[in-house]
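Heads up, the chain below is alone and in the form predicted alone; it's given as structure tokens.
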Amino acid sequence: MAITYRTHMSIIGDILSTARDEVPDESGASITYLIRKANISYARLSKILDTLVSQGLLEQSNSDRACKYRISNRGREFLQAYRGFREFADSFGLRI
């Protein structure tokens, strides 16, 4: 059985999809929730979240209890474009 590794872009896609579709409440997804759903380590997730927030793809809200993340409109546009490109690349047998 061959092991397939996810690309950095596919991990970003998973994080954005989770923040868009699977958020347990309106305030957003917690870091713990994203770690579980995206199946990624805390250290790697933290770096990616910082990038996604600074690029405007995720919105971060802070409360007394935790940081929460929600997908922004720009993040939705990015995710839609990413999925379209991934389908296009797949049609040529390419992995992105």
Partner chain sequence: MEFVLESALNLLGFVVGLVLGIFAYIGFKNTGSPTLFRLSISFFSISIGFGVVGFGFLIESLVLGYAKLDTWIQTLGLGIQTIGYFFIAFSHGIKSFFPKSRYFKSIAMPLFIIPGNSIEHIIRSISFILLVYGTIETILSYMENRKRSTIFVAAGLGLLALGEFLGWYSIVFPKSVLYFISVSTKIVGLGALFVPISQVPLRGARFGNNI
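Positions refer to the first chain, counted from 1. Please read all numbers here as calculations on a predicted model, not as lab measurements.
Form predicted in complex with the partner chain: not shown, discussed below.
A.B. asks: Does the partner chain come within 4.5 Å of a heavy atom in each of 8, 57 and 94 in the predicted bound form?
C.D. replies: Yes.
A.B. asks: Spell out, yes or no, whether the shortest heavy atom distance between residue 39 and the partner chain in the predicted bound form is within 4.5 Å.
C.D. replies: So residue 39 does not count as contacting the partner chain.
A.B. asks: For residue 23, is any heavy atom within 4.5 Å of the partner chain in the predicted bound form, or not?
C.D. replies: It does not: once the partner chain is placed as it appears in the predicted bound form, residue 23 has no heavy atom within 4.5 Å of it.
A.B. asks: Please tell me whether any heavy atom belonging to residue 32 falls inside 4.5 Å of a heavy atom of the partner chain, as the geometry stands in the predicted bound form.
C.D. replies: It does not: once the partner chain is placed as it appears in the predicted bound form, residue 32 has no heavy atom within 4.5 Å of it.
A.B. asks: Give a yes or no for residue 51: in the predicted bound form, does one of its heavy atoms lie within 4.5 Å of a heavy atom belonging to the partner chain?
C.D. replies: Yes - in the predicted bound form, heavy atoms of residue 51 and the partner chain come within 4.5 Å of each other.
A.B. asks: Though the partner is not shown here, which residues of 81-96 have a heavy atom within 4.5 Å of the partner chain in the predicted bound form?
C.D. replies: Going through 81-96 in order - heavy atoms within 4.5 Å of the partner chain in the predicted bound form - the hits are 81, 82, 84, 85, 87, 88, 90, 91, 92, 93, 94, 95, 96.
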